[in-house]
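Form predicted alone, single chain, as structure tokens, below.
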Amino acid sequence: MYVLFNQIIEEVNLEKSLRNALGNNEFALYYQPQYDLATGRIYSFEALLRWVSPQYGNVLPAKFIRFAEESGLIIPIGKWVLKTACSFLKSLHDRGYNEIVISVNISVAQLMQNDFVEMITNILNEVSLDPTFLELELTESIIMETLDTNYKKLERLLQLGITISIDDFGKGYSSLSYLKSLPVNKLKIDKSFIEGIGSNKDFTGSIVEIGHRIGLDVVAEGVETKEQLDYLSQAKCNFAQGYWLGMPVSADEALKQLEGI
């Protein structure tokens, strides 16, 4: 009982600190490179949120995102993430790296907002970024559970030229049959399948093949060994990211990666 009480108090205090984090500039974005396996070059960066709290130190997203979603704070935080990530990409384009794409994770609460598409277009206009260089990642479960409500929103985003990617594919519904009917153009294989490449190569290769057959680009996340990377290249997976290829880094370090420093 005492342990449970302390846990509740800690969670209340954490949520209270989270409410002030955005205004106190405690959030930062890190960027993990995604490589084009055909060229061996960086194709995009995934923007990853970090919270550096004066009280709690580096707080992992797994620990605070739930509070952000339950409290509604994910809406302003998500907007900040999108604008910061798009501004970072525009700065790369201005330096001549004008083929790089930015990928941003979207929560169900953001997607459910009536003005979600307008918010995205306003940010793109504000930072003068072409929509074709923005990729929005939504988990398989979010897309399926809200499809009736948000199908038209996803279609509108695609019409603007924005890429819609199914994140963590295979973790939820684990079905390939519905992909043809979804308003998406990329799928990201869940890292659990990449971890199992040593013993389950054929299955991972089948996901890549079927994805291609229905016109989707395929991304592998969580690549941590050369064996995994070599297999994915042979299977003609389009893109890959993971610690073997590059850790999440600050904006300055991401630029250095592009510069080859």
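Being a predicted model, the structure only gives us computed values, none of them experimental. The first residue of the shown sequence is 1; numbering continues from there.
The same protein also exists as the form predicted together with a small molecule; that form is not shown, yet it is the one meant from here on.
Trainee: Sort through K186, K153, K191, K90 and report the residue having a heavy atom within 4.5 Å of the small molecule in the model of the complex.
Mentor: Contact residue from the list: K191.
Trainee: So, S44, L124 and E253: all three within 4.5 Å of the small molecule in the model of the complex by heavy atoms, or not?
Mentor: Result no, not one residue of the spot touches the small molecule.
Trainee: Does at least one non-hydrogen atom of E221 fall within 4.5 angstroms of the small molecule in the model of the complex?
Mentor: E221: contacts the small molecule in the model of the complex.
Trainee: Against the small molecule in the model of the complex, would S107 count as a contact residue? Criterion: heavy atoms within 4.5 Å.
Mentor: Yes, S107 is a contact residue.
Trainee: Is the gap between D168 and the small molecule in the model of the complex 4.5 Å or less for some heavy atom pair?
Mentor: Answer yes; at least one heavy atom of D168 falls within 4.5 Å of the small molecule in the model of the complex.
Trainee: So, P61 and the small molecule: in the model of the complex, are they within 4.5 Å at any heavy atom pair?
Mentor: P61: contacts the small molecule in the model of the complex.
Trainee: Which of 47 to 55, 34 to 42, 229 to 237, 208 to 216 has heavy atoms within 4.5 Å of the small molecule in the model of the complex?
Mentor: In short, 47 to 55.
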